[in-house]
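Quick setup: one chain, the form predicted on its own, written in structure tokens, and binding and motion questions come after.
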Amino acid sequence: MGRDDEPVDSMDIDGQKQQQLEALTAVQRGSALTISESTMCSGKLFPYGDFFKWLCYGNDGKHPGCDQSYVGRREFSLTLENDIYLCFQSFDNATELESSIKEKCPFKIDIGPVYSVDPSKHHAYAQSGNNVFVPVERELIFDIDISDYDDVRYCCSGADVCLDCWLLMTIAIKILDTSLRDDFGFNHILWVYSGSRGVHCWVCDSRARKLSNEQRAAIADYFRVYKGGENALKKVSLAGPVLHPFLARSYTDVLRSFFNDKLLLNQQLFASEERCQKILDLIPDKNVASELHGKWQGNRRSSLSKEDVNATRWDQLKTTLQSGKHKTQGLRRCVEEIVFSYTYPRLDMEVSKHMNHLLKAPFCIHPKTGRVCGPIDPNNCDDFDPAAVPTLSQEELESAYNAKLQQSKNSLNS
């Protein structure tokens, strides 16, 4: 897929293409959504102006030819206490959004698509029977949840996360961000920490926002490698004599090194009989699997350390599968398939395929963890630590707000 043929991307108006996302990141460093008993009540510190500037994409009434109804056709969903959902909310400007948040004190804000008409009036349009209420634009989004990797991470499970398993999210960011830019030509990509156990990706290019559901599904399927039902032992099959260039690049540039240098030891992938058997189940030739099992039984009687036993068994597996006598078509990709099974991004496909899917807004406070859903720089994602994301008290937020305010005043006076 090539780059936009449009002479001017709507994000380029007044040279604001990158500044909008940078402004959001800057606000996150110095302020966040105010919390009181885990709710977003006063809304004093939420970056309403920058938030709305982002979602307007230049359609703010200040530029010739802009669509002044654009942002008013965007759906917002507010989640209140006791799981009360207010869907199909719409706001014409940042002031209206701010007033609504302060009045309703939502636990969470979700963002939906831009519809053909004002979503707050969807009941009236639905009764007309003319099918005029349809989504017409929406960022291409991706949702990756670390709990979907529970079968291959042994340090945590469910909503729990640590640096050892967060590496899987780092891998996902690296793989997808590179492909979205190099393979699809997208430029305006915002990565956001979900506030708990995953990451969200917002592809904001004009061309991405106008993709149909079918086109979105095709892009999501391009990234889909991990397949199969819950009870399937083998969920990655890399067919063909050579890997697709995207998969080959992902393997050589990211997956192989992360698996060998970090996950192999961090997750102790060969440290028990059960974990070894899970890997042996991925080998289609049972004779080869039995041969390896015999070697590993011998390792158990040796004095290998935990570090050595993981590296030794992995080296034995690679040597066995890549030896001349076992280099058959069925085993050709087995080493790569094991690495992909344990490291490759696992997307929530339904989130990406449909324009009307809601996704949590950046800069919310996660209602369970109290953490800010802030941006992640893909160029420095190796340094991101979810445990270091502040769980902010009212006093800490007030202090951050005052510091940011003073910084702004100093900038104006300098």
Partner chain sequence: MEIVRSPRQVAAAGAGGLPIYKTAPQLEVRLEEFELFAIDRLRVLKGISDGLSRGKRPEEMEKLASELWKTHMRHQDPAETLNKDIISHFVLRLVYCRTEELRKWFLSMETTLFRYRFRLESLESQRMLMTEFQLPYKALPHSEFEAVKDKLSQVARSIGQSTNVEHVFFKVPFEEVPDLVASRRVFLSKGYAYVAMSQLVSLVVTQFRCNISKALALTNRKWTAIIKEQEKDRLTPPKDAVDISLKDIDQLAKSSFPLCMRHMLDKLRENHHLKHGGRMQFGLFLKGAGLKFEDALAFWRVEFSQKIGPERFDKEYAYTIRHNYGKEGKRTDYTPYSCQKIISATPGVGDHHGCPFRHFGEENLRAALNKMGVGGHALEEIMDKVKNRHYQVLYFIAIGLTKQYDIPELTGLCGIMKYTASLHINL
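Just so it is clear, the model here is predicted, and its values are computed rather than measured. Numbering follows the first chain given and starts at 1.
If you look for the form predicted in complex with the partner chain, you will not find it shown, but the lines that follow are about it.
- Only one of the listed residues (245, 294, 284, 158) places a non-hydrogen atom within 4.5 angstroms of the partner chain in the predicted bound form, and that residue is 245.
- Out of the listed residues 182, 253, 81, 308, 182 is the one that sits within 4.5 Å of the partner chain in the predicted bound form by at least one heavy atom.
- Contact check for residue 268: every heavy atom lies farther than 4.5 Å from the partner chain in the predicted bound form.
- Contact between residue 215 and the partner chain in the predicted bound form is found at the 4.5 Å heavy atom cutoff.
- In the predicted bound form, the partner chain lies within 4.5 Å of some heavy atom of residue 225.
- In the predicted bound form, the partner chain sits within 4.5 Å of a heavy atom of residue 221.
- Exactly one of the stretches 86-94, 203-211, 144-152, 99-107 approaches the partner chain in the predicted bound form with heavy atoms within 4.5 Å, and it is 203-211.
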